[in-house]
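Let's start with one chain on its own, the form predicted on its own, as structure tokens.
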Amino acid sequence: MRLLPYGDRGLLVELDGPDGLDSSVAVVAVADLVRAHPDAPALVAEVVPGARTVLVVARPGVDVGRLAGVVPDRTVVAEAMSRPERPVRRGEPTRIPVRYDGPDLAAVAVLTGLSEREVVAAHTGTPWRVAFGGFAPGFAYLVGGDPRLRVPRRDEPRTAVPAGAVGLAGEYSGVYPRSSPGGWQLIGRTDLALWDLDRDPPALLAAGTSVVFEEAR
């Protein structure tokens, strides 16, 4: 972990390094711990997680040096990651019904050594967390699922992936919010709208949200 100044109102926590932490899961833990710090309401305006970083932005008038006090050290982060139940920031989990009929389901079964039914059971059997958003409006990178589901991206990305497609890539799972090119392994699809400009907020999944996939019948 490294703590770097980010302009005159922010600190950047870098988690990409040879320190033994699983960076993608550590991002969620650091963001949770910063938000839960008793001084955060007075000092912190925003917490912005990324793939390997967490940006902590000071409130107007707050000296950026004071932000260091709300950032946990590596020992505290590692202890938080070891707890089987980390606090969920946004109440009840968002449940996403999925029809597991994706074109790459059989390939994922081969890559993982599981049967197709075991892949479904693994994907639905463990809650996921939104680590950060990106790629497209409403796209959320989900972490913390069953480690057996870590699979590489496709060798040849598709030129068009339909909205609602549910995929796996590396340690992440995600749902495509709209039709776009993509190289993730597609295992299913959902009818839920991940991005809706008529909704407040438009994104269904925000950083820190807990997500549970359920098999649609």
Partner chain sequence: MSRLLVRAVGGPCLVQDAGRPGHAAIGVGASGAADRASYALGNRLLGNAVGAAALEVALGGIEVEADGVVWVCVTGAPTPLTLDGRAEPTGAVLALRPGRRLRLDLPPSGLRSYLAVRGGLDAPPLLGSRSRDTLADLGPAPVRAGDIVAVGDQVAARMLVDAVPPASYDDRPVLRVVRGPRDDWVADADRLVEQVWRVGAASDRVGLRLEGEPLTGRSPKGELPSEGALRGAIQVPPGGEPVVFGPDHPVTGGYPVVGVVVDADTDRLAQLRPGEELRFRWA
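By rigid core we mean the largest C-alpha set that fits within 1.5 Å across both forms. Because the structure is predicted, anything quoted here is derived from the model rather than measured. Numbering follows the first chain given and starts at 1.
Another form, the form predicted in complex with the partner chain, is not on view; read the next lines as being about it.
Participant: Sort through Pro97, Pro137, Gly125, Pro103 and report the residue having a heavy atom within 4.5 Å of the partner chain in the model of the complex.
Facilitator: Looking at Pro97, Pro137, Gly125, Pro103 one by one, just Pro137 meets the 4.5 Å heavy-atom criterion.
Participant: Does any heavy atom of Pro49 come within 4.5 Å of a heavy atom of the partner chain in the model of the complex?
Facilitator: Pro49 belongs to the contact set for the partner chain.
Participant: Would Leu12 count as touching the partner chain in the model of the complex under a 4.5 Å heavy atom rule?
Facilitator: Taking the distances in the model of the complex, the answer for Leu12 is yes, it comes within 4.5 Å of the partner chain.
Participant: Is there a non-hydrogen atom of Gly133 within 4.5 angstroms of a non-hydrogen atom of the partner chain in the model of the complex?
Facilitator: So Gly133 counts as contacting the partner chain.
Participant: Are any of the heavy atoms in Thr53 no more than 4.5 Å from a heavy atom of the partner chain in the model of the complex?
Facilitator: Because a heavy atom of Thr53 falls inside 4.5 Å of the partner chain in the model of the complex, the answer is yes.
Participant: Does Pro202 shift between the shown form and the other one by 2 angstroms or more at the C-alpha, the core having been superposed?
Facilitator: No: Pro202 shifts by under 2 Å between the shown form and the other one.
Participant: Examine Ala31 after superposing the rigid core and state whether its CA is displaced by 2 Å or more between the shown form and the other one.
Facilitator: Ala31 C-alpha, core-superposed: shift of 2 Å or more.
Participant: Core-aligned, is the CA shift for Ile187 between the shown form and the other one 2 angstroms or more?
Facilitator: No; Ile187 is a residue whose C-alpha shifts by less than 2 Å between the shown form and the other one when the cores are overlaid.
Participant: Given a CA distance change of at least 3 Å, are Glu46 and Ala136 closer or farther in the model of the complex?
Facilitator: Closer in the model of the complex, by 3 Å or more.
Participant: Closer or farther: how do the CA atoms of Val44 and Ala136 lie in the model of the complex, compared with the form shown, if the change is at least 3 Å?
Facilitator: Distance between the C-alphas of Val44 and Ala136: shorter in the model of the complex, by 3 Å or more.
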